[in-house]
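We've got the same protein chain twice here, in two forms, each standing alone as structure tokens: structure 1 and structure 2.
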Structure 1
Amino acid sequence: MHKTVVASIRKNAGKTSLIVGLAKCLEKEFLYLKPYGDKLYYRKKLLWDYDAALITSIFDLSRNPENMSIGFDHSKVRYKYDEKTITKKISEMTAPEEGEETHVFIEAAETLSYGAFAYLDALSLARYTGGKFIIVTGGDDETIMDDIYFLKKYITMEHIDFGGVIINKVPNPEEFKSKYSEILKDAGIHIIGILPYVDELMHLTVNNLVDRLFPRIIAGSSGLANSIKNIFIGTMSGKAALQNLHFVHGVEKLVITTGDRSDMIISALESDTSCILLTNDIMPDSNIISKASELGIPLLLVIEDTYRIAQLIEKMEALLTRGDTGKINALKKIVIENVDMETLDMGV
């Protein structure tokens, strides 16, 4: 049975996207686990991690996402388990059921240290499972090199099957290679792949907003896959917005306003807008709803105020959603073209 533990030193390195790309290349059934969840969802007394649900739905996995995580908070994990019982639990979770294929992806929590107090940090997971341990790093050159040197100097890989590092979101991979290949070779860190920064993968989609904000979709559900490249807060009149350069020239934008700003909403509908997010639970007029429906521009209604919603969106990652077929295929292509699959020993 092959196991791959995917971890990162920092948040938002792209672990889930990498697993999606790798799993696409695998072209056979696999198991996915995220023992210490960080994107918690709770509905009808069921608890799951967003990434687990995403991967389950993209690949139509047979196990339920709520069974892919042990916990999300120290308090509960420590209340239920100690180090010994948690090892046992992990081993039960990674054991294939009858008829299941054998590859297991284990996604570690958001950073290398996250979950250590609950016995579920990345290095512990690698040790419990004996899986191939991969570190994903990304960002600007300095961040990447800091991460790699930090790993080299301070992280002991004793009893860990360390596969190497995948460098993600590199704006210019060729330039990066020419600049750092020799240095990295000297450092003795195996680089499994250098993946380019792809603009398309970095933008939020309307689906991301729907998944995270739980709005009421009032109109334009055909546009939920729309990409969001700009965000505009429409607290002014529609006339004033039309004099604002960010509004006029902002393409594929998300406009955040309230339902009673009819003039603002109409101005947004008449410009290059991907989605209009209506705050404070104020329903717009019915003619606006009809117009948005005709144009296929989603109108999303939330209870929260504009400031709070803007804060939430600011913190939001451009997570994949099931409908992002283009993005998912792009990830597969990036992995095929840039990752040394032999090192990963996935049987591809």
Structure 2
Amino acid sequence: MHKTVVASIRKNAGKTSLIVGLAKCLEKEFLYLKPYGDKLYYRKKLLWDYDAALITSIFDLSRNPENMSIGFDHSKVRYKYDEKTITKKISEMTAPEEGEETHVFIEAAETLSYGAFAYLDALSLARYTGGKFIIVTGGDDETIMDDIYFLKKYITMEHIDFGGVIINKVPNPEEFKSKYSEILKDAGIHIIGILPYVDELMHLTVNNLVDRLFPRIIAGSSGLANSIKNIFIGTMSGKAALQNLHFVHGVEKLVITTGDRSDMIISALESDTSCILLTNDIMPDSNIISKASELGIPLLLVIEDTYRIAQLIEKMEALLTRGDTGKINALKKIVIENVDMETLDMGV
């Protein structure tokens, strides 16, 4: 059985996106585990990890996301397990059921050390499973090189099948290689791939809003994969608002306003708008709903006020969703073109 353990030294390095890209390249069934859940996702009265739910949804995996994680809380995991029993539990989780394929992706929690108190840190997962251990790093040049040299100087890989490092979100990969290839070679850390920064992957989509805000979709459901590159909050006076909407014409934008601002909503529908988010639970006129449906521009309705919604959106990460077909295909292309698949021994 082939196992790949994907970890990162820092948060938001792109572990889940990498696994999606690798799995699309694999083009056969696989198992996925997120033993220590760190992105809580409440659905159907059950607590799942968001990444587990996402990958299950994208690839139509047969296992329930609830069974892909052991726990979400250090104290509860320690109360139920010690290191011996947690090792046994991981072994049971990675065993394929009848008819399942043999490749397993195991995603560690948000950082290299996260979960250590509960016996579920990244290095422990690599030792328990014997899987090929991959570390993802990203950021500016200095952050990437700091991570790699920290790894070399302080992290022991004893009893770990360490495959190497994948460097992610690099604005200019060729320039990076030219500048650091000899230094990386001297460091003795195998670089499995250098993946480019892709602007498309960094933007929120309307699907992200639907997943996080639970709005009522009153029109334009065909546009839920639309990308959001700018946010316009329509709380100003009518004339000033319309002038500003005209100023951001040509930008894929989210417009946040109330359903009684017909002038603003119509202007938004007539410009390059990805989505209109209506607050305070105020429905717009029926002719506006019809026009949004005709144009395929989502109208989302929430009960919260504009200020509260703007705060929530500001804190959102551009997480993948099942409907983000363009992003998913882009990840496959990036992985195929930039990752040394032979090192990963995935049988692609």
Partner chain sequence: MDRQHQMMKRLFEPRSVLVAGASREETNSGYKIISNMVNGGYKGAVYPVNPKGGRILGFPVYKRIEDIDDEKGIDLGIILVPARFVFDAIKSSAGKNIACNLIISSGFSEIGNIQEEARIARFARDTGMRIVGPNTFGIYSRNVSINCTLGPGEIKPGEVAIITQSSAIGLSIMGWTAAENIGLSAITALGNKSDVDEADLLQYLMRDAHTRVIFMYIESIGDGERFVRTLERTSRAKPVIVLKAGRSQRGAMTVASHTGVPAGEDSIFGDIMRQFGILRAESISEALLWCKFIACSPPPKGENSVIVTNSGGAGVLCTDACDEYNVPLFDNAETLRKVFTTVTPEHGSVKNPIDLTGKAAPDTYNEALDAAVKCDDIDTVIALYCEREVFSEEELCRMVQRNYDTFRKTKKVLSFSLIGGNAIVRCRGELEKRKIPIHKDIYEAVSPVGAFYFYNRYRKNRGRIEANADLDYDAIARTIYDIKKEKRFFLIADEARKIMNIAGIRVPRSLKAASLEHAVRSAEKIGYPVVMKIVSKNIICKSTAGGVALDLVNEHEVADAYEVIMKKCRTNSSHAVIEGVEIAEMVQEGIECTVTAKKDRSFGPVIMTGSGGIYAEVMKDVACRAFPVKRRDVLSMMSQIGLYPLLFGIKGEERKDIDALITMIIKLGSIVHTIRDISEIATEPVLVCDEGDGINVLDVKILLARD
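Bear in mind the structure is a predicted one, so any value in this text is a computation, not a measurement. Think of the rigid core as the biggest set of C-alphas that the two forms share within 1.5 Å after superposition. Start at 1 and count along the sequence of structure 1; that gives the residue numbers used here.
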Mapping for form predicted together with the partner chain resolves to structure 1
Q: Superpose the two forms on their rigid core, then report whether the C-alpha of residue 82 is displaced by 2 angstroms or more between structures 1 and 2.
A: no
**Prompt:** Under a superposition restricted to the rigid core, does residue 29 display a Cα displacement of 2 angstroms or more between structures 1 and 2?
**Reply:** no
Treating the chain as two rigid parts, the smaller one turns between structures 1 and 2 by an angle in degrees of 13
Between-form comparison on the rigid core puts the Cα shift of residue 258 between structures 1 and 2, in Å, at 5.8
